[in-house]
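Next up: just one chain, as structure tokens, the form predicted alone.
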Amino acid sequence: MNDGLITTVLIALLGGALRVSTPFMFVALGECLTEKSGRVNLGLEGTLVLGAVVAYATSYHSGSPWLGVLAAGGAGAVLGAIHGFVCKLPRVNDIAIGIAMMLFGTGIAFFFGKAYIQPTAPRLEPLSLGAWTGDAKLATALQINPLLIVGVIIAFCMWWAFANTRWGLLVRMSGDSAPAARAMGVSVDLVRFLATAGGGFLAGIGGAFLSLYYPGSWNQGLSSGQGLMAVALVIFARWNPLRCVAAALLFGATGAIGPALQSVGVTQGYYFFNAAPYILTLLIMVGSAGSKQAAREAPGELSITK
């Protein structure tokens, strides 16, 4: 492979990292918030899919894609609130409830989304950051969606809030030691309820990106398991919002390997390269299973650590 082809592949990977990473980022940030409070929400795959169809339907009927983004976040918050409420009940397993909510959210999305497979809704407009380069390929790769910038800002705000605010302290305390939090007069159930609803809101916005920007349409195979992979991404990021952004960019670049190689004529092993994000997820889960560092940094109240 000559230098020109290598450059083309690298540009394609850069574009993929900036484009494909956004839904991973939002779902990972949502799950990071939820897990920091001591709860696991495996239902974010259903939240992502429901957010996608709600965003698309709202944009189609209102003509405003940004209203669709807000509606998707609201739908995600509702699913998160249901999950948070049910998990407050005695002897309820949050992982089992998460799986049920995943099926519930996906089923609702598929049922109500049938009417929106064909219609075309207004989409989110990209921002061009590479026009100054004079290189058409690089300019295309550097076209980003405003939601990417919003996600990075949210990550910085979460990182700062966890370390410097009373709200962040309450979330971390509820996730690390519920008895200690209750001894300080903190309502652990309320903190986890709000964190789970907030995590659902962010995951719903991730779904809006899928239907309103990339791929930019609604169909039942839109998510491809990205909501579930984001749980592994949070473990890989060690429950740090800024690391979630870096991990999401890595996943985005990994997902672009197959199309990037195909664009330069490499067709051997195309389907294998398309499976790269799933392979990376398996490697992360296997690596984290025996990682003492991950065990030390994990919130102590998570059911997956007990």
Partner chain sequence: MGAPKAMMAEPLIEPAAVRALGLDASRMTKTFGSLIALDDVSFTVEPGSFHALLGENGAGKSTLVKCIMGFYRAESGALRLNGEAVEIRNPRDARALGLGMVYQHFTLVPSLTGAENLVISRADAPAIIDWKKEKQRLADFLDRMPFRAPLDVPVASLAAGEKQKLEILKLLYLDQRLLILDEPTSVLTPNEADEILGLLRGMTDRKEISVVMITHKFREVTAFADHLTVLRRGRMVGGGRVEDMSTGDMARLMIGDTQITTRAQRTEQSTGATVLELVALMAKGEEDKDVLNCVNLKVRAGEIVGVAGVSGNGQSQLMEVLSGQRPLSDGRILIRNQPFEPTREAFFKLKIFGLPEEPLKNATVPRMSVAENMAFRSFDKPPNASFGWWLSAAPMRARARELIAAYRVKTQSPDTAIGDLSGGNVQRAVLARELSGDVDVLIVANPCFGLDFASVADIRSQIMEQRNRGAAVLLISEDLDEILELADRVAVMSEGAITYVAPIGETDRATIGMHMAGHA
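Numbering follows the first chain given and starts at 1. These numbers were taken from a predicted model, which means no experiment stands behind them.
This next part talks about the form predicted together with its partner chain, which is not shown.
In the predicted bound form, its partner chain lies within 4.5 Å of some heavy atom of T165.
The shortest heavy atom separation between L124 and its partner chain in the predicted bound form exceeds 4.5 Å. Its partner chain is not drawn, but in the predicted bound form it has a heavy atom within 4.5 Å of L169. Contact annotation: D189 falls outside 4.5 Å of its partner chain in the predicted bound form, judged by heavy atom distances. Residue in contact with its partner chain in the predicted bound form (any heavy atom within 4.5 Å), chosen from A136, M184, I153, I117: M184. S177 is the sole member of S177, S217, Q220, T140 with a non-hydrogen atom lying within 4.5 angstroms of its partner chain in the predicted bound form.
With respect to its partner chain in the predicted bound form, the three residues L148, W159 and R238 uniformly fall beyond 4.5 angstroms at the level of their nearest heavy atom. Stretch 169-177 is the contacting one of 75-83, 169-177, 205-213, 189-197, since its residues have non-hydrogen atoms within 4.5 Å of its partner chain in the predicted bound form.
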